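What follows is a single chain, given as structure tokens, in the form predicted on its own.
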């Protein structure tokens, strides 16, 4: 399918339905047709998925869920499987976000099961990997992130990864105002790219790798220009339509300049 640039807004646990509808409507109204090679997505809370879907009608925006079950269906109280999400207009899911790993205790094995389930259901799947500050400070960040990547893909065949997207999100930069330096992001993205090729062969060279971690309009340009950074998973700034659209325009500019 080839490597694509992405900008995806993760709204997290924010936004009752009227606010979510208003935000999605403003994004749709301000979004120009993305250039070839760029996709834009939003990930609202579960209960706002239908109203956001309606607000985005006709807009070229991929609808994501912030999580998905590790199984299609069954006796799993509170879980939501890919087929249920697809019925609500969802086209992709975020898997293994650091807040689910570190705050809710999701293991590598659970993340791997969720990833495989989503991919086999034909969903876009954004696999999040990233290290906490103590690991970065100890100089073990690359090994830590690559171990997460390998664990998540251990039971996924290369032929199943056509809709895989990887997001590198240094945990110490999420919601803190701190951002990885472009050279740090580029180095980690290069390491992820090399390991994807090791694991998936030629397919690994085509998978998009996004950066996530306090991305804002004022740092999007320098990060988007870093080698192997194929766009962004945006947190806090995605709750402001103007800020989110500014980041989209920045990535669109780089997409046109370096298709």
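Numbering follows the first chain given and starts at 1. Everything quoted here is computed from the prediction, not taken from an experiment.
What comes next is about the form predicted in complex with a small molecule, which is not displayed.
J.: Heavy atoms within 4.5 Å of the small molecule in the predicted bound form: which stretch in 23-31, 66-74, 196-204, 209-217 meets that?
T.: That would be stretch 209-217.
J.: Would residue 235 sit within 4.5 Å of the small molecule in the predicted bound form, counting heavy atoms only?
T.: Residue 235 belongs to the contact set for the small molecule.
J.: Residue 17 versus the small molecule, in the predicted bound form: is there a non-hydrogen atom within 4.5 Å?
T.: Residue 17 lies outside the contact set for the small molecule.
J.: Residue-level question: is residue 99 within 4.5 Å of the small molecule in the predicted bound form, judged on heavy atoms?
T.: Answer yes; at least one heavy atom of residue 99 falls within 4.5 Å of the small molecule in the predicted bound form.
J.: Does residue 119 make contact with the small molecule in the predicted bound form, using a 4.5 Å heavy atom cut-off?
T.: No, no contact at 4.5 Å.
J.: Since exactly one of 185, 145, 90, 173 fits, which has a heavy atom within 4.5 Å of the small molecule in the predicted bound form?
T.: Of the candidates 185, 145, 90, 173, 173 is the one lying within 4.5 Å of the small molecule in the predicted bound form.
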